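First, one chain by itself: the form predicted alone, in structure tokens.
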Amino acid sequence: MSIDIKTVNVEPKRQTFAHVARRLGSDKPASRYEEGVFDVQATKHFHYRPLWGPEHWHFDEGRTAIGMEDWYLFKDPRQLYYGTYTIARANMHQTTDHNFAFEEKRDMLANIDPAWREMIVGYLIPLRHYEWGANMNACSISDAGYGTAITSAAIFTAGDRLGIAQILSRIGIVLGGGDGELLDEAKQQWMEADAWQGVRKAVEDSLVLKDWFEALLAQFLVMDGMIYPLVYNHFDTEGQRHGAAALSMLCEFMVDWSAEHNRWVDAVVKVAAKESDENQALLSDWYGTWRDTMTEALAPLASMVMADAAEAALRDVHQQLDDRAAKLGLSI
């Protein structure tokens, strides 16, 4: 008996879903990202306005003063949809787990100067509360934002910020010898220490912003754009002089994540600023206000950690952010 194996090439009747084909063209295959993002959000046939906000529909362009002809111009340069997002983060967390295991095996945190160990509890571990605020802002942007291109990336970011808060909590537990005593101490720092009150106020003010695009710019461009380089670059470099090189390894997730995340933030702000002069002026005004707020808020924290070098560090962070914003089309 013989068996003949033949292949049959089946041509699809269409390359993608109809709503995607209307945007890309019927004969063009779409990527998984495009199929998972383009025109997925509902735009009509809502039954009633939300009782908690009857001035707007569930998905409403009027929730922000920023205007766009096409809200799906905010494409994510990372092309993240659920599958690629979860795979990427699983790989990053696997590396983080390896780093923690290596530190535990070698007991590397034991080499930190005792005085700097206290400093870590004062400047790094309280950031878990800042990350929780960023998580809530990301959730709010995903809720109020318009267009799946924005809302899907925002909810992925919300998960990222929760994960970063957990990494910071894990560092505090390791430093504390396995219990949560240092986490309680860090919370006390966040709630009461003078060095943190400016940052804490800025976070709380951002949580009650009515315009979701202002919240996006304030949180992801300005606050993150100053805090991340200050903490994970300048503070980290200072810590290495006190035997805290192992801490750099445990915080590598935040450094890698920030570089990736900034690609999306920059793309969103650049597209919005380019859309119209009105958008550009409004974004520039928001940027200037929040940048000045954060510069003032971070001064006591920088002074606590870096003493005489604090002013130079803040000036460097400030200039880097201004240069970045200028490239995005904002007026500085």
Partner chain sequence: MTPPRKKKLNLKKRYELMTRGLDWETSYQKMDDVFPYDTFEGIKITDWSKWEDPFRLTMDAYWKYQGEKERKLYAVLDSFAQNNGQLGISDARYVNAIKLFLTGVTPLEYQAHRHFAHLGRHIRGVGPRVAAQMQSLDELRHAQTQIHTISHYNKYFDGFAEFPHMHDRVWYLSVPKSFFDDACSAGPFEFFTAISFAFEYVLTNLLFVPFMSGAAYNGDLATVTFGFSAQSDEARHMTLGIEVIKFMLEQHPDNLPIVQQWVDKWFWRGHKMLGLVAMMMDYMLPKRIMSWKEAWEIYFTEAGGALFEDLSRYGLRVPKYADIATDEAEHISHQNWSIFYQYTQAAGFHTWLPSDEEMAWLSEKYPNTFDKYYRPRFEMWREMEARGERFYNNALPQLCQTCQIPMGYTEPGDPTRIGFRSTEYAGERYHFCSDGCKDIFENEPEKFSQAWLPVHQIFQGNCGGAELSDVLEWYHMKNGTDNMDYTGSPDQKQWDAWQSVRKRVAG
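Note that this is a predicted model, so its numbers are computed, not measured. Numbering follows the first chain given and starts at 1.
FYI, the form predicted in complex with its partner chain isn't displayed, but the following is about it.
Considering its partner chain in the predicted complex, the lone stretch of 102-110, 217-225, 258-266, 232-240 in range is 102-110 [heavy atom distance within 4.5 Å]. Though the partner is left out of this view, residue 43 does reach within 4.5 Å of its partner chain in the predicted complex, counting heavy atoms only. Within 4.5 Å of some heavy atom of its partner chain in the predicted complex lies at least one heavy atom of residue 201. At a distance threshold of 4.5 angstroms between non-hydrogen atoms, residue 144 is in contact with its partner chain in the predicted complex. Remark: residue 156 counts among the residues lining its partner chain in the predicted complex, judged by a heavy atom distance of 4.5 Å or less. Using a 4.5 Å cut-off to its partner chain in the predicted complex, each of 22, 89 and 135 places a heavy atom inside that distance. This chain is drawn without its partner chain; in the predicted complex, the residue among 73, 139, 119, 249 with a heavy atom within 4.5 Å of it is 139. Taking its partner chain as it sits in the predicted complex, the stretch 61-83 comes within 4.5 angstroms of it through a non-hydrogen atom at 81, 82, 83.
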